[in-house]
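Below you will find one chain, with nothing else, as structure tokens; this is the form predicted on its own, and questions on how it binds or moves follow later.
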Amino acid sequence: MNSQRLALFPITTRLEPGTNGEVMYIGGCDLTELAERYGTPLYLYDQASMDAAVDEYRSALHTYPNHSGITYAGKAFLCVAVAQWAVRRGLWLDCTGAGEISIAVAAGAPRGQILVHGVNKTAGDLRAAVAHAGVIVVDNLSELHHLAEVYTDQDDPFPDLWLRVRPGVAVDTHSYRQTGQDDSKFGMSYTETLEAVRLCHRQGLPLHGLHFHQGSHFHDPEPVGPAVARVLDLMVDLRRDSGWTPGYLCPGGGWGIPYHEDDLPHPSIEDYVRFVARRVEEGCEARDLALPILHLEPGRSLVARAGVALYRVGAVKQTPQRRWLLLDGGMADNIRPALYGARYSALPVADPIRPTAGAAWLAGPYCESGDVLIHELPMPDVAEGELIAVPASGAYHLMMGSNYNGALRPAVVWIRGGKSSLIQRREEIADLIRRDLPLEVE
């Protein structure tokens, strides 16, 4: 079972002889040495795994008989170094709000590779998007009216606009991650989309695409089929109503990955991409629609497997029914298990495939009973001070992190070709009070 868990780790993971048995290496780097150099908790990103995921998407998209592209969803994990990697790989950067836009700009991302999302963009978000983005995905009519006002006074280049549509179909995932249903807070209804296209034409706005998204971390592409069909039917009605058809179509992303050995084997990226591309191609042919440029929006499936969280065991406790391995990180850097019951696996860094000694509960140091990263996982005997590696930690951890209990956000290391580079420093105590202002107590 422990050897099966190795398949959850980055593609460069190897076991090499050490002084006391085998030791885990990723990208040619000894995890024990990385922990000593950078401390724990520590997040590692393996570039080779990220590159391989991009190549798999591009290979699958080659079957689509028109141009296609990939938009990296920055909400999964974004920092300057990751944005630089995405730009070099020719990916667009999906940024939500002025904060993520500023990271993309700091990384040198050109306007043509920045796409902006947001369900309730502020005036500041829209100013940043107009100044720096190539595409704005418009979520609602109110936002579109604001953009129309800006457009009339804008002499500089203006971003292309895509309209976000609610297809009325969600994918099979946790309710917190569903976005495509009729009652979702995201996107426009059928009638709102018709009105939005008319408004764009009246105002001369640069409308070029449609976008929809059904949810995140799903494993069966079948529900994407009805959503594609509904959006293509909408395109037929838009053509009849206003003479407009989109040059770009983005059916979102959200393809899942295996987090636990029970998730293996997992359907491939190729299965998902080819399913979506075929439905778009066949649906357009059946409706006599021009084939749009197809953009996919993966985030998790590009970086989740590439990321590993490295923790150190501080204490081992035995209660009447549970063995607790208490780690130096938890819900402050990975809220997903507490938020919606995400299920993970783990291995010791030293001698990782030694025999198990029963179930263990891996928990963090925070003052919450919900601060449990992994429930009832078969684990070997683990001593205080040992290092524990949690695979599939590259997405939606650090971006949703917090300073709960005064936690310091962990350092992040980039691994490439046997070398490690610090791409985010560990927070310091001074960072916790940097924004605070003293109050004169009377």
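We number the residues from 1 along the sequence you see. Computed from a predicted structure; not experimentally measured.
Below, we refer to the form predicted in complex with a small molecule, which is not included among the displayed structures.
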query	finding
The small molecule contact in the predicted bound form: E297, any heavy atom under 4.5 Å	yes
Residue contact check: M400 to the small molecule in the predicted bound form, 4.5 Å heavy atom	yes
A73 within 4.5 Å of the small molecule in the predicted bound form, heavy atoms	yes
4.5 Å heavy atom contact, W414 to the small molecule in the predicted bound form	no
Site check Y64, R166 and R230: each within 4.5 Å of the small molecule in the predicted bound form by heavy atom	no
Residue stretch of 335 to 343, 306 to 314, 97 to 105, 121 to 129 approaching the small molecule in the predicted bound form, non-hydrogen atom distance within 4.5 Å	335 to 343
